[in-house]
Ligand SMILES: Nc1nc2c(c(=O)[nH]1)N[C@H]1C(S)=C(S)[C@@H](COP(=O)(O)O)O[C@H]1N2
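We begin with a single chain expressed as structure tokens, specifically the form predicted on its own.
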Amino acid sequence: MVFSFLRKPGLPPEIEARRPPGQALTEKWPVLHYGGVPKILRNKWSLRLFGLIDGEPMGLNWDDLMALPQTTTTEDIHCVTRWSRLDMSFEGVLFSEIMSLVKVRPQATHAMIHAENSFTTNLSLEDLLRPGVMFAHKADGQDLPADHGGPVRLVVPHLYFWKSAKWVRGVEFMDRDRAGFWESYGYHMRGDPWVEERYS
């Protein structure tokens, strides 16, 4: 795959300051994932909230998601494969809004995000409750395409983008950290691009 990287000398300092170490800026949004692209109709999409919550697991469908408060945010995103794209617009529902729908038990500290193709990724609740973390259904003003995780993906802009699981289908609340798919293959358990937490 050939990326259209911006390697212009003398980037303005305010732009250079937004580029984490080891990253190159791109104007494109490269498509990277493991496995095939699932085709999920909106009327078949659902999100399950389970684990350390009071009561039974809760499910949301597309209409439920769209009835919740919608947020638009502009974020820089950074991939562990060393590309960064600045000023991406995402629209969706903040993780904090989803979490408020259930009573999470006090001992919960982390969540496992479950997605199609048996993909999982682990995140702390502290990271998930940061500003800008959302379940996005639009990117740059358009419906999220299937190859970028449509109809709904997680967006965690302050961490490497493998943490922003595509085709998200569930949130499991946990009392400890547990390795997800890529983490079990040696990727870092957190993935902060500013300190290059690429691999364990």
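One rule holds for the numbers: they count along the sequence shown, beginning at 1. Since the model is a prediction, treat every value here as computed from it, not as a measurement.
The next section is about a form of this same protein that is not shown, the form predicted together with this ligand.
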Margin query: Please determine whether L86 contacts this ligand in the predicted bound form, using a 4.5 Å cut-off between heavy atoms.
Written below: no
Notebook entry, point to check: Contact between W62 and this ligand in the predicted bound form at 4.5 Å, heavy atoms?
Noted result: no
Note to self: Just checking whether W167 would be counted as a contact of this ligand in the predicted bound form - the rule being heavy atoms within 4.5 angstroms.
What the structure shows: yes
Margin query: Just checking whether D147 would be counted as a contact of this ligand in the predicted bound form - the rule being heavy atoms within 4.5 angstroms.
Written below: yes
Next item on the list: Counting only non-hydrogen atoms, choose the one of 130-138, 170-178, 157-165, 65-73 that falls within 4.5 Å of this ligand in the predicted bound form.
Entry: 157-165
Next item on the list: Could you spot which one of I98, L125, M112, C79 gets a heavy atom to within 4.5 Å of this ligand in the predicted bound form?
Entry: C79
Check: Within 20-35, which residues have a heavy atom closer than or equal to 4.5 Å from this ligand in the predicted bound form?
Finding: W29, P30, V31, L32, H33, Y34
